[in-house]
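Just one chain follows, in the form predicted on its own, and it is written as structure tokens.
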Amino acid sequence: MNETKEVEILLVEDNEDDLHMTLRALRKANLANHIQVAHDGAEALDFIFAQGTHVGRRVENRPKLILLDLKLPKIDGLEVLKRVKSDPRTKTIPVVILTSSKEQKDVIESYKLGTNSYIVKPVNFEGFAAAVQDLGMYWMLLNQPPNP
């Protein structure tokens, strides 16, 4: 992706099938413009905080929404969430946990760390597409975030 453009959605997903399904659902909802994909937690943090391979990017040019899986390699989703919500530059970015985990400890910890929403991925594409479309419409079009 061209980093000179504003990123609207940061999608953090390591499972290729779920990644393609999410991108397909976002395209179907006409919400696929300016998406940055990170395949693990370390890559997500590098992008968000303009470090590593993203060192030239401005942190202030932040995504409008982060869709975050929990079960990620290198750095898990809870740690990514913790870092995003504990930094004054990024704490107001809406973070939606989009995961297959139904474990109550994950739900509780996610909300304690500041997630804005916790969605368990439906198994079939139609249900998944509807969930992604609804959350995209809400967070990208209806929600009124504070100015950074």
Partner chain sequence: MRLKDVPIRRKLMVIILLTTVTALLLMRGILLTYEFLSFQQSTTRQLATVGKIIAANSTAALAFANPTDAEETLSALKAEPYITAAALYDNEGKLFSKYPGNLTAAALPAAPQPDGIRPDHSFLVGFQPVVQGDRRLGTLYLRFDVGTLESKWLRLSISIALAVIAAVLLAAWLLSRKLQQQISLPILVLAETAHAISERRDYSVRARKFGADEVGLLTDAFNQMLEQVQKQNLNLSRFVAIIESSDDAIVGKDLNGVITSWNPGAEKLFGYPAREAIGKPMLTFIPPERAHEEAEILAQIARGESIKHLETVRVRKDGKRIDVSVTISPIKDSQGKIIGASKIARDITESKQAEQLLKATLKEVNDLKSALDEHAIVAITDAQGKITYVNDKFCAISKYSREELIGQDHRLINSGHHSKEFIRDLWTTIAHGKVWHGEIKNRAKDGSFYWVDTTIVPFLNDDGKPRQYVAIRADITERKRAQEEAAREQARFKLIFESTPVGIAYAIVQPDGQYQRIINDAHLQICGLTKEQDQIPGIYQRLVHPDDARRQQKLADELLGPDRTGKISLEKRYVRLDGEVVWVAFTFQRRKCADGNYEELTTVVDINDLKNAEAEIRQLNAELEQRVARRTVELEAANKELEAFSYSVSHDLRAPLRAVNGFAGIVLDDFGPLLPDAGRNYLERIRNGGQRMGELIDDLLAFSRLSRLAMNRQPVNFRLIVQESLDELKPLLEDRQIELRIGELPACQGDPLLLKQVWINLLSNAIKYSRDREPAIVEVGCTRNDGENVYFVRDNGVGFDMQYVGKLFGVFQRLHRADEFEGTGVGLAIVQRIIHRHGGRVWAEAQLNHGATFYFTIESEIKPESPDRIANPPLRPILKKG
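Note that the coordinates shown come from a computational prediction; the quantities given were computed from them, not determined experimentally. Positions refer to the first chain, counted from 1.
This protein has a second form, the form predicted together with its partner chain, left out of what is shown; the following refers to that one.
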Open item on the list: Among the candidate stretches 47-55, 66-74, 84-92, 33-41, which one is within 4.5 Å of its partner chain in the predicted complex when only heavy atoms are counted?
Closed with: 66-74
Open item on the list: Under a 4.5 Å heavy atom criterion, is residue 103 part of the interface with its partner chain in the predicted complex?
Closed with: yes
- [ ] Please run the contact check for residue 115 against its partner chain in the predicted complex: heavy atoms, 4.5 angstroms, yes or no?
- [x] no
TODO: Find out whether any non-hydrogen atom of residue 121 is located within 4.5 angstroms of its partner chain in the predicted complex, and reply yes or no.
DONE: yes
Open item on the list: Can you work out whether residue 134 and its partner chain are in contact in the predicted complex, taking contact to mean some heavy atom pair no more than 4.5 Å apart?
Closed with: no
